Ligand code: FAD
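Listed next as structure tokens is one chain, alone, in the form predicted alone.
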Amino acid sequence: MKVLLVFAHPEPRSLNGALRDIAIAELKTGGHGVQVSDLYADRWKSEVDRTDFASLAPDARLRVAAASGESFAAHTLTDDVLAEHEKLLWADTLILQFPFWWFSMPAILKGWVDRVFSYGFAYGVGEHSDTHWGDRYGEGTLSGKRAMLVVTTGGWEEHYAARGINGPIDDLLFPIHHGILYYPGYEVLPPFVAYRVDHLDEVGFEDVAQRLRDRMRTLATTAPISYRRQNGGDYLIPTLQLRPELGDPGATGFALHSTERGSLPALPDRTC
């Protein structure tokens, strides 16, 4: 298996840095090929601006989606973006690793998504018709590949439980899982989440490290989150509303978009 790990933490000596090294070592021990995009070390340019689109006329208004699509079609996207496209096409599995800052990913990683998931590459693909609304949500350029998150947070696991004050971790990660990874076709694996990382002692660290090794060993066999395919018949086109007979009666929210009843699949050993 070929794995791309996109790493977003500014301190290589951090817990995240240690977990990255553990994941890479375990993958290589298992005979897998690994590439790493270390965004802070690479000084990744996170903002989208006119310099991203060489084919845009100097006096033209910047419309990001249109400019992205035109540059992708003309093969004029910047070299750093094209390099990431090559890595994504090479990899069977994508891992995004980051600290959970302010209920989201660090800005540099969001900027990686903004620039690398180009129109014509990760979105805006496939035809629209009365029965097919583009190749997305289970279809697309990256279909047939797997993706997962490795996330650290300072909060307690109980804070991110179903009744926890922060909200369920599955709901908080839904925009990344469903909206960023599933959208262009990835099969999305349940995340690996390490809690209370600012207070880990040696025993606690080794527990987290061993659970991460276990997850790396099972990347190819772990069942993905059972999201519904957009064009599989569960949604009405063109409104993209879930058919009324599907899901628990009266239910709303993110869990409707998984075929699991009521919630996303739970994992053993507190990996969430």
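In this text, residue numbers run from 1 along the sequence as written. For clarity, every value in this text was computed on a predicted model and none was experimentally measured.
There is another form of the same protein, the form predicted together with this ligand; it is not shown, and what comes next is about it.
Think of it this way: in the model of the complex, this ligand has a heavy atom of just one of Trp101, Phe174, Tyr123, Trp133 within 4.5 Å, and the residue is Trp101. By the 4.5 Å heavy atom rule, the three marked residues Leu4, Ser37 and Trp112 all fail to count as contacting this ligand in the model of the complex. Screening 81-89, 135-143, 197-205, 182-190 for residues having heavy atoms within 4.5 Å of this ligand in the model of the complex returns a single hit, 197-205. In the model of the complex, this ligand sits within 4.5 Å of a heavy atom of Ser14.
Taking the partner from the other structure, this ligand in the model of the complex has a heavy atom within 4.5 Å of a heavy atom of Ala18.
Contact annotation: His257 falls outside 4.5 Å of this ligand in the model of the complex, judged by heavy atom distances. Gly164 falls outside the set of residues with a heavy atom inside 4.5 Å of this ligand in the model of the complex.
For the partner-free chain shown, Thr152, Thr153, Gly154, Gly155, Tyr160 of 131-163 come within 4.5 angstroms of this ligand in the model of the complex, judged by any non-hydrogen atom.
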